[in-house]
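Presented below, as structure tokens, is a lone chain in the form predicted alone.
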């Protein structure tokens, strides 16, 4: 698959999920490097930088994307020849993809320990890290039930319930707005993350903040499962995480909107959950308080964008 096709699939939500996007971008850069030709190493690096910008421009919120691109692009900085640079990019991309998958597996092991027999666990969207916690708990022999939201307008909850069904985990699908009604049945909430700021604020799929508020009011533990490359080091310098708004046509068809000219459709993809509503963040390096987000950025900088 060409890099430009990958970029288009990320932008149009054919490739989605922060971890999946990051791995797809790393793989696309590796494949692009393999086929890219240029008269000299300087021109080759310039062309690779252009390709990286194409990928960076696809989704503005999920920090996993720029972190993955940074890891791959940084690997070629000291290369003196095109073959050397190609080899460095291939190794870096492969290492990132492998480490990303290993991180999800490790988070699954950690998260499974919080799921007890008889629990009802609520999850939102289609987080691979959150699902890893549920799937590992099932593999460990725990007997529990899941409540999954449908997640409009892209219905990511349908992918989640398919995964849970295939694993033999009893699951209830609910509309997003029914969380408050069902929270009385819930023992634990586990969600993923698209970006985590230095102060522990979590940016995740729209609706996450409301679920966190309801859980907080109901004294239900709220846990975020997130690989370390979802931490946003640029927030140390005051940069805010942008919240992407997508085409209103994903919510209401153009034909209906044409009949309602005074109606504006808003379609934010993410919202932000303050650290006060989060009990734990699970990373591949262990479970931390949201207020320890800086420690992840400081102690595990391998993914991170500098400056």
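Predicted model, so just to flag it, every value in this text is computed and none were measured. Positions refer to the first chain, counted from 1.
Note that the form predicted together with a further copy of the same chain isn't included here; everything after this is about it.
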Q: Counting only non-hydrogen atoms, choose the one of 133-141, 116-124, 72-80, 87-95 that falls within 4.5 Å of a further copy of the same chain in the model of the complex.
A: 116-124
Q: Evaluate residue 199 for contact with a further copy of the same chain in the model of the complex, applying a 4.5 angstroms cut-off between non-hydrogen atoms, and reply yes or no.
A: yes
**Q.** 4.5 Å heavy atom contact, residue 235 to a further copy of the same chain in the model of the complex
**A.** yes
Q) Is residue 251 a contact residue for a further copy of the same chain in the model of the complex, using a 4.5 Å heavy atom cut-off? A) yes
Q) Taking heavy atoms and a 4.5 Å cut-off, does residue 99 contact a further copy of the same chain in the model of the complex? A) no
Q. Out of 139-176, which residues reach within 4.5 Å of a further copy of the same chain in the model of the complex, heavy atoms considered?
A. 145, 150, 152, 153, 155, 158, 161, 162, 165, 169, 170, 171, 172, 173, 174, 175, 176
